[in-house]
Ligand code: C2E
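What follows is a single chain, given as structure tokens, in the form predicted alone.
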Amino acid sequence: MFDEFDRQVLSKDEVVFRNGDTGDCAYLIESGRIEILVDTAAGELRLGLIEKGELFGEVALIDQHPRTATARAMERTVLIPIQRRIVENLLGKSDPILRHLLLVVLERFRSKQGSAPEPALPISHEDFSRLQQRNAVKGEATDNISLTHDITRALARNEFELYYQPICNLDDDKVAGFEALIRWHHPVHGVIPPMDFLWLAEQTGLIQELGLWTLERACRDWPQLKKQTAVAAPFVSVNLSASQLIGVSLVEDISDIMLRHAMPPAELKLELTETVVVERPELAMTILSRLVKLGSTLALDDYGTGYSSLEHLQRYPIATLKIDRGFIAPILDSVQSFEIVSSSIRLAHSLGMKVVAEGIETETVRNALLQLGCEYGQGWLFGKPGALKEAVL
């Protein structure tokens, strides 16, 4: 009862892998116990017994050598597979020195295979503290491994859904467009907001596939959403991550998606944060320029929360500036916030950009922004994010 996306359920005495098998996967024990056996002249010798929350099979996974032991279930056991591509993505994002040290440790580990285990010694207070810290880290890693596996499964089983939040003209409240916001309908944990899983998708490389899914779904839904708008140039906004931007086929993938769904390029607005353009500025310039040539427009999201904002506004082909809700909410009570918002709007207009104010919740804030010349507003005053059936009246 096992496929690429499911947990593996083993009966008592069932073998996970044998000595010499290809090491293409590691495992996390979700429940049950696993016995690790090594071959000796006298037959198989038990090397250890591991239980819930423990990892095994990770050495062969990383260095791609054959298995050096046999793993067998001692009772009914549930395992979470950890695919090699996930580990390779994580290692690719780590420091080169750390990767080198890891491989050296693995090599030394293999050279010691077959030696007798060292005798246990009384544990000191310092060692106990370190053990507690290690267990805390292990617990966090265990949760992340489980969540990563579930993201992979969720993509295959259509557990993700796009919610849409309206973006309106401030002068007449007409809907100008929508921002696409991903939600995860987890079969156990219910609806999971993006802040709880997108960072992990970014770390593991799954954001590439998740991002393309989001673009595909937004373009598919756009004909229905567009009917809810009442302006001459409507749009749907989709977020791009830093990892997506460095993907070698991003422009071609977006072009194919738009062609497949007959999506007018000018009606697809791609939102990026300042982090996206900081990490690989030259590559970002090349990719973003190509996206603009497709006919799409770019928006800089969460303006004011990142780095070197003025430089990015001048350098990159950005058409829309989105001012972060952290500056919008207090503009009536904070002179500093009011001046930041006011100067940001003037700067954007001087560069030929439109402005979207995020997080608008009251009419008084809306009216203040309108007087400052802000064109668009987004927030609970105009509508909360909702599923397509809720956005389409």
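These numbers come from a predicted model, not from an experiment. All residue numbers are counted from 1 along the displayed sequence.
Here the subject shifts to the form predicted together with the named molecule, a form of this protein not shown in this document.
- Partner proximity in the predicted bound form, defined as non-hydrogen atoms within 4.5 angstroms of the named molecule, places exactly one of 188-196, 245-253, 283-291, 226-234 at the interface: 188-196.
- Among heavy atoms of residue 183, some come within 4.5 Å of the named molecule in the predicted bound form.
- At least one heavy atom of residue 325 is located within 4.5 Å of the named molecule in the predicted bound form.
- The shortest heavy atom separation between residue 151 and the named molecule in the predicted bound form exceeds 4.5 Å.
- Residue contact with the named molecule in the predicted bound form: residue 359 places a heavy atom within 4.5 Å of it.
- With the partner omitted here, the residue from 297, 203, 241, 169 that has a non-hydrogen atom within 4.5 angstroms of the named molecule in the predicted bound form is 241.
- Of the listed positions (83, 165, 320, 208), a single one reaches within 4.5 angstroms of the named molecule by any non-hydrogen atom in the predicted bound form, namely 165.
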